[in-house]
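So this first bit is one chain, no partners, the form predicted on its own, shown in structure tokens.
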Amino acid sequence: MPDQPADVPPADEHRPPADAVKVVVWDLDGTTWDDVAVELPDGARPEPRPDVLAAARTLAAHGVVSSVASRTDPAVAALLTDPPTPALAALADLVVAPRLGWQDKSVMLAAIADELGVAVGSLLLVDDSGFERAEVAARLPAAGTTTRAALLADLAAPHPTVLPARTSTESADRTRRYQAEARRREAAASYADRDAFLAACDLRLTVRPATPADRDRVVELVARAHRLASTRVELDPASYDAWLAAGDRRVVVAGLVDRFGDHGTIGVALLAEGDGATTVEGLAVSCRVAGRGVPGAFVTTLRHHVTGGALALPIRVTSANVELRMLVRSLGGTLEVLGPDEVVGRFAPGPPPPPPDWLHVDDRLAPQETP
């Protein structure tokens, strides 16, 4: 059989569509480094390939984080938790949620997605073993698979498909934020009561009007959010500017910090005024802050700035945004079904509920004007 042309991917390789990849998951032995770590002589250490380190840095700069899934002795994890060489330290600094053990790669990838709170379909496994790629393709078909050479070639292309079309200044901090989240989980394990842990986190939510400087991050967040997103509005830089300029529209953003670090801009709401009512034409909140009362406090803060607290939130129903619809009900709202894939969350007039005791809200929106 003749060799397959270099520009044709292997039959067991699946590349997700552009803008879909959030996490690149690297195999170690034979991919990230050329050796098999457990077969090296005592005292010898594998060295990550410079082109892999360079690729992981490029990915991180564009907001695509790197993880590790390796079928090996779990003791090899010490190379990342306590790296003995500068190259291994550089690798550890770029990695989040590593999985090392004897489980199937598909199981490891599912665990990585669960820990990071992302969809399995946003993962791309880089593994030079055809067997491992085929196992993931068969048992976790939503995940992408590729080889090291194919990924490096893609990153060297004029328009890499693995990188998002648009990034923001906050994108390069995404790896650090996931690493901070891992520290939060470790700290939480020492608290028997979750509310006590959240109170100790010193969570501070800032809600403010958006500015032109927020453009790139807001466009990115609307494109990337799925679980807590109304998914009705597509936003690009031009339409963002139009929203800011419109007299009957407002763009509101939310940021979050705690004692572990700055989460950055984690929420956006596109508000439209008309016929004496306010409609949230678009809502997107990062899934990274779910489970802390933050999404609900954001929506509640918006209600403080609309007539009587009444608010409409149209939602295009997807399999991913069940959590948003549950949030509407948990805040006392109702869901009106308009069609097979569209509902409207409605919040009746009345005082909104207060935020959780553990969350401080810095409301910087202008007070509502009295007619």
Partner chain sequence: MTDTDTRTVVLDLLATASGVSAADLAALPDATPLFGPPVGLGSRTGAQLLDRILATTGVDVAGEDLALESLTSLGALVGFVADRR
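Just so we're clear, the structure is a prediction, and the values are computed from it rather than from any experiment. Residue numbers count along the first chain shown, from 1.
Absent from the display: the form predicted together with its partner chain. The rest refers to it.
Considering its partner chain in the predicted bound form, the lone stretch of 318-326, 25-33, 48-56, 301-309 in range is 318-326 [heavy atom distance within 4.5 Å].
Proximity of residue 43 to its partner chain in the predicted bound form falls outside the 4.5 Å heavy atom cutoff. The shortest heavy atom separation between residue 194 and its partner chain in the predicted bound form is within 4.5 Å.
In the predicted bound form, its partner chain sits beyond 4.5 Å of every heavy atom of residue 166. Though the partner is left out of this view, residue 343 does reach within 4.5 Å of its partner chain in the predicted bound form, counting heavy atoms only. Only one of 215, 227, 204, 250 lies close to its partner chain in the predicted bound form, with a heavy atom inside 4.5 Å, and it is 227. Among the residues 291, 117, 237, 84, the one placing a heavy atom within 4.5 Å of its partner chain in the predicted bound form is 291.
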